[in-house]
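Presented below, as structure tokens, is a lone chain in the form predicted on its own.
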């Protein structure tokens, strides 16, 4: 079963142990370089005035990422924050605010959120964008699927032109759109 969520829904989520101890909260999502997976999370303390913690949570230490919390076995899974960040092998940095273009040069819009499939791994499967008129006449935010692999660099993100055929504004149906898009790419042999 595909479980999709926006990155902005994960930031601020409590990190709890299987015993129910509330040990931290997610500060930022750290992406793995070039493979579309989440490498882990930077963490903040719990409470109104709590700042960033010196340790992070690698994805391998996550037992479950649910709608209400990130669950871990215990605090022994934490690693130094710099090590978690280093796993990202940053290739382009933060995608928020980046322009999305098709591989044939059509500007589609600006990234406002990232959509994750958190079923077994946390994979980046799409972007939520503020669209240009080329994509939406009513300027309503839309979700655009991504191929299995995507190189991210600079301020622009290039997606296959075929992605436009699978744009939706419904997160509940977005998993099916992602699969249909990736199936089309596999059939045509053009995995971007």
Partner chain sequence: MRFSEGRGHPVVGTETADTVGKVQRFVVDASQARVVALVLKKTPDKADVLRWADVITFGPDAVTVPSAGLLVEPDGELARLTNKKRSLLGQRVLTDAGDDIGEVDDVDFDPADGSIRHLLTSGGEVDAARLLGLGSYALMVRHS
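What you see is a predicted model; the values in this text were computed from it and never measured. Numbering follows the first chain given and starts at 1.
Beyond the structure shown, there is the form predicted in complex with the partner chain, which is absent from this document and is the topic of what follows.
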Query raised in the report: Of 137, 67, 156, 54, which residue is found within 4.5 angstroms of the partner chain in the predicted complex when only non-hydrogen atoms are counted?
Result: 67
Query - Complete contact of 14, 20 and 46 with the partner chain in the predicted complex (any heavy atom, 4.5 Å) - result: yes
**Report entry** Stretch in contact, per heavy atom within 4.5 angstroms of the partner chain in the predicted complex, of 158 to 166, 58 to 66, 138 to 146, 121 to 129
**Finding:** 58 to 66
Query raised in the report: If you check in the predicted complex, is residue 106 within 4.5 Å of the partner chain, heavy atoms only?
Result: no
Requested in this report: State yes or no: in the predicted complex, is some non-hydrogen atom of residue 86 no more than 4.5 angstroms from a non-hydrogen atom of the partner chain?
Outcome: no
Query raised in the report: Quick one: is residue 71 in contact with the partner chain in the predicted complex, heavy atoms, 4.5 Å cut-off?
Result: yes
